[in-house]
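Quick setup: one chain, the form predicted alone, written in structure tokens, and binding and motion questions come after.
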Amino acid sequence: MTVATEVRAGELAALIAGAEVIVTCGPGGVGKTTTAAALGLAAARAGRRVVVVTIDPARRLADALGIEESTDEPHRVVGATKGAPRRGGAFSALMLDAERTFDRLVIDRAGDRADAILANPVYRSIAGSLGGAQEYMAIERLHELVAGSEFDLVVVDTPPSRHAIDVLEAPDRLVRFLSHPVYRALTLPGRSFARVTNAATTAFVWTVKRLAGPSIVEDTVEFFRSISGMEAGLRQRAAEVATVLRSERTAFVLVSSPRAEAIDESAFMAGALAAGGFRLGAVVVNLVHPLIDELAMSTDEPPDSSPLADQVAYHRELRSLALAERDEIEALTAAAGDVVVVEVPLLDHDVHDIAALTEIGTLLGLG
């Protein structure tokens, strides 16, 4: 790193020292999950009690941290803070299990209606759906972790860019859903499905059929009526998480690579965060090729048949690639505004253990 880069990287260190929630977001395949784990580990080694949560169904984080089975309970990573410069830190990780989190929510909040809800086929369809329940259960799990006293910092790893927007907007969508006239009609006692659909829109009927199938439409009505008693708690938690995600104690870290398509996705995400009122705290660009010096030829160009010609051509190709990457990074820097942008070089080895995550933290200026 240059001196200027080191100074700006210090802003990232201040970010992980002061934030209570860090959300990593960005395109797929750019090292986002690895970055989330590295940020969490660095904070733990600096003395904070940290949990890293992934709501991406891929198992990259679990593999890196040795978590053998998906669980929605934090898994303490033994030895992660060994030899750390500051004591008192702890590093945990969990993979969100949407179905298990949903079940626990029902058991805790639905009282004597819990068994009926858990047995409802519509509930089982929703609870087991990665596409539907994941975002809403992320709300519930994040609320539990932030409201509890076990951790100082919660690091949330989101799915790739545009899907991450679904997660971030889930609290707002849930509040809107609970206020929707169709939901209010469904939860009124004594209403038959026929009367509800006569007053509802065709779009709603299509949605119900798509969710549950026409043969269990009555189960759909019964399901919504059953959860109506949980409405106040759901609404309150969704509103609280929406507030937390937009507060000064929460920072978003946008992760990208220098590839043109990744930069475009990341620039889109930066705009979406700003539009949604979310605070962008830093940008991390992974997999950056080093910028090598231009060749100073003391003699004429080597002949094409010479082995040296291949080496010269390779050198120039690498330099051209590195220069093109920096043009892309400048475009993302402009989109991010006055936010620290930290580059992480392309490594010659995989990141699959605590030592490698610690190395990433050092490269981020957090060592």
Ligand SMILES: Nc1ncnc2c1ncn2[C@@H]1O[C@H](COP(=O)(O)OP(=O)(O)OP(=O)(O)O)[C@@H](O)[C@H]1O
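Numbers follow the displayed sequence, beginning with 1. Everything numeric here is computed off the predicted structure, so don't read it as measured data.
From this point on, the text means the form predicted in complex with this ligand, which you will not see here.
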item: Whether 32, 286 and 351 all lie within 4.5 angstroms of this ligand in the predicted complex by heavy atom; value: yes
item: Heavy atom within 4.5 Å of this ligand in the predicted complex - the one residue of 121, 160, 233, 74 that qualifies; value: 160
item: Partner proximity in the predicted complex: residue 345 to this ligand, non-hydrogen atom cutoff 4.5 Å; value: yes
item: Exercise: residue 28 in contact with this ligand in the predicted complex, heavy atom 4.5 Å; value: yes
item: Interface membership of residue 366, this ligand in the predicted complex, 4.5 Å heavy atom rule; value: no
item: Which of 306-314, 321-329, 337-345, 46-54 sits within 4.5 Å of this ligand in the predicted complex, heavy atom basis; value: 337-345
